[in-house]
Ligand SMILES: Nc1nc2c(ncn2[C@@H]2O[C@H](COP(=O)(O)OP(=O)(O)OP(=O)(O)O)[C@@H](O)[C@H]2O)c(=O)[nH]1
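Shown next as structure tokens: one chain only, the form predicted on its own.
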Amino acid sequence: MNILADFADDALRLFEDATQRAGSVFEPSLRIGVAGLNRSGKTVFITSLIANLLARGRMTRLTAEGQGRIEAAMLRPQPDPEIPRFEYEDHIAALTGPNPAWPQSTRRISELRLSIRYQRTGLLSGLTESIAGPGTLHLDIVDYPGEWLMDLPLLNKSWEDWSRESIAACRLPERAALAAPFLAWAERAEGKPADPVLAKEGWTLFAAYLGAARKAGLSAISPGRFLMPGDLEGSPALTFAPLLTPQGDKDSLARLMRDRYDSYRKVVVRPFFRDHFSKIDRQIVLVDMLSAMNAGPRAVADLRKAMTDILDCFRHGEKSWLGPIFGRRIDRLLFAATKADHIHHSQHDALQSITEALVRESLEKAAYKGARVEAMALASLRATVEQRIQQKGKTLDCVRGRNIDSGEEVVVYPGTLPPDPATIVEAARRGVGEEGWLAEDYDFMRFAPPMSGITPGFGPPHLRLDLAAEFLFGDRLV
């Protein structure tokens, strides 16, 4: 009965969504999901994208802007009043104020609508404009906490499988020390009867381990709400942990944990997917490749697994007339290696190639199902300038910017990325240690936002943000 009720509820939501979209023939909307893991730069990406669409002097490679066809862009009330509004004004003030600082990381889902008015082109432009005037495209940009993304794979995973996989992950070399207190608890909890106090103890230790793993630069962290519980903090649905032996009878701790895991999937994960992910048209996935490489091959391997797990949950493919019945399908997917300004532009192609190689399998799956997939290296807000220096008879390609800790101007030579991305990916797959990871010492320093103010008519400086916009929605401005 519950399955039928869930199906009926989903069908009603899809019908309502289709009805809402059917009334927007002349002013269509495009829902863009901005996804990524911790510290990948989602908030900065959205803030800079909006600022650069409002003041488009730096968006010349967005075709409609390069052709002079965009007449205006403005923020409008969002279509989903139940979703918090993306705090654009606060974020742009933080990035461009007297003492620029990076905004706080995403801690909840948020949304913002930006409407673009443009001159149409193409064979039917004259006929369409005589009926409806200039074209209008509503961009609904949705920001998701990176930690919540890691919950999506749970939709297709049983309690027993999740528990075994989580215990196995705890025992990996890069995680064993971090998970030691929790694993000791798991040994003590083996075969115990149902006990809410014991369950809470296990959850506390498991959540502490996940927090330590995230701080260590690891990405495959689940359940995400354990670190960002929001209004569900203290709920029994969040108070569970994996067990060494996940099977158990009715009154066992294993059965209690399984019931809570199932509740978590039902009341947290499934509604999140249904209400938000199922409505996405285009998707950008932000990846902090530089930080992962800086942390070593195991961090890269962990990032690769995290991204593959997430992407397997997205429904890629071209749209069809059946879309309103079965829900939207993502027909364009962009992988963006962020913080490209932390390295010299001569290394950007290598950074892009490494990103593509890291998620090659997921890229091929998405493309096979009909989605258009690309990868690029970008900087949502350029925090550095390039500089060449001479050292010991060599010319070094460096970047200069404000040190995030001291605020002082520093010049950094980050090293040279391997020309063959297999060097990175294969080492990550083997799970080798830090020794022999890369040929040089890398120094991907974190930089503070630049002190220079914004020129009137221009958004914040960036690298390839206009190309990302062209891929995500440029085809809709025709």
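In this text the structure is predicted, and so the values were computed from the model without any measurement. A residue's number is simply how far along the shown sequence it sits, counting from 1.
In what follows, reference is made to the form predicted in complex with the ligand, a form of this protein that is not presented.
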Checklist entry - Applying a 4.5 Å heavy atom distance criterion, does residue 355 contact the ligand in the model of the complex? => result no
Next on the checklist: I'd like to check something about residue 42: if you look in the model of the complex, is any of its heavy atoms closer than or equal to 4.5 Å to a heavy atom of the ligand?
Outcome noted: yes
Item to check | Contact label in the model of the complex: residue 105 to the ligand, heavy atom within 4.5 Å | outcome: yes
Checklist entry - Would residue 219 show up as a contact with the ligand in the model of the complex if we use heavy atoms at 4.5 Å? => result no
Next on the checklist: What I'd like checked is whether 38, 145 and 383 together line the ligand in the model of the complex, meaning each has a non-hydrogen atom within 4.5 Å of it.
Outcome noted: yes
Next on the checklist: Which is the contacting stretch out of 180 to 188, 259 to 267, 293 to 301, 374 to 382, given heavy atoms within 4.5 Å of the ligand in the model of the complex?
Outcome noted: 374 to 382
Next on the checklist: Please identify the residue among 151, 341, 174, 140 with any heavy atom within 4.5 Å of the ligand in the model of the complex.
Outcome noted: 341
